[in-house]
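Okay, so here's just one chain, in structure tokens, the form predicted alone.
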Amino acid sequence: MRSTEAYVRALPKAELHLHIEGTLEPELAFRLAQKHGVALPYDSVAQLRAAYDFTDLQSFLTLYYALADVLQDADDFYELALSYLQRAHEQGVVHAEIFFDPQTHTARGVAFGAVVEGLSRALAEAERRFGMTYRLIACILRHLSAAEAMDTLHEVLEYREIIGAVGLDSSEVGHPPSKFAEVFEHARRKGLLTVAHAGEEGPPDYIYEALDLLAVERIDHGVRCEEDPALMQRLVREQVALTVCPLSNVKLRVFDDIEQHNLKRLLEAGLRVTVNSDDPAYFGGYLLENYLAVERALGLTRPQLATLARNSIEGSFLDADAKRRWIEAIDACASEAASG
């Protein structure tokens, strides 16, 4: 019988919650800093990696935005994205729906077009080399104003043929989804799909707002839904995908340790839970490592691991035919493992 790691790697999977800026490994950060003459407040890769000790979401975001300064031209974004995509391919990711934060870059004078050009070039290369499919999702920074968000949306719409959806991320507490209802309504009228971070640090009410006011297709994180039984029932009934990020949740103190994570309870309650890596360079693991962490800590069975993979495909923005083909491939993989 193949090992659990080999089994998880073999399962075709979609990654639905991945911030491309969060794949900036310290080695690449130092290389790009040298390229652009950016002074980092760390003397070495080891010292920078040691700084990845966060107390909450905001402590992470402070470092995350500071390191983004090394990303300055299209080639930087290309190198960043292709490095992630190659690693994801090696871990069995067949489809990636990737977040990027345009406001983080345009505020520093980086052209919106340079960001999109670099990312789209890497995505096209991954499709050609690895057969990976993708969607690109532009996220609104919720700690900024709704007016700034609308300005960013107008830029997003100039690249409508490349960007398929808008999301909502950054500091959750104090910035409810309702703040951006008008922005998301405009995005939907223009044909963009919508997703939103809700229920990570924010309360279950934020999940309701994301569903009812932003009309999102899925909820990013959503782990605090467990505090509201009626919300849990609704999420099961409507089969809204939750893009859960286990290692991130522990690193940012949403849960004290991985053994306390509620992923298994949510899965067994019938929610469409998916596993994702969020900002893997900062949180200690890419998609494979997240699957293995919850398998070991929560005692997930191989059928449950296959269900997580199926949920990732079902919760994606792939078309019906592509979903059917990948579900069949997952079923074949699971069947082979069961008979082996």
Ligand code: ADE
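Nothing here was measured: the structure is a model prediction, and the numbers come from that model. All residue numbers are counted from 1 along the displayed sequence.
Heads up, the form predicted in complex with adenine isn't pictured, but that's what we're talking about next.
Ser248 belongs to the set of residues with a heavy atom inside 4.5 Å of adenine in the predicted complex. Using a 4.5 angstroms limit between non-hydrogen atoms, His221 touches adenine in the predicted complex. Put simply, Leu61 is close to adenine in the predicted complex: some heavy atom of it is within 4.5 Å.
At least one heavy atom of Ser170 is located within 4.5 Å of adenine in the predicted complex. Contact with adenine in the predicted complex, judged by any heavy atom within 4.5 Å, is made by just one of Leu214, Leu119, Leu252, Val240: Leu252. Shown without its partner, this chain lists Leu308, Ala68, Leu57, Leu300 as candidates; in the predicted complex, only Leu57 has a non-hydrogen atom within 4.5 angstroms of adenine. Stretch-level contact check against adenine in the predicted complex with heavy atoms at 4.5 Å: of 193-201, 124-132, 227-235, 146-154, the positive one is 193-201.
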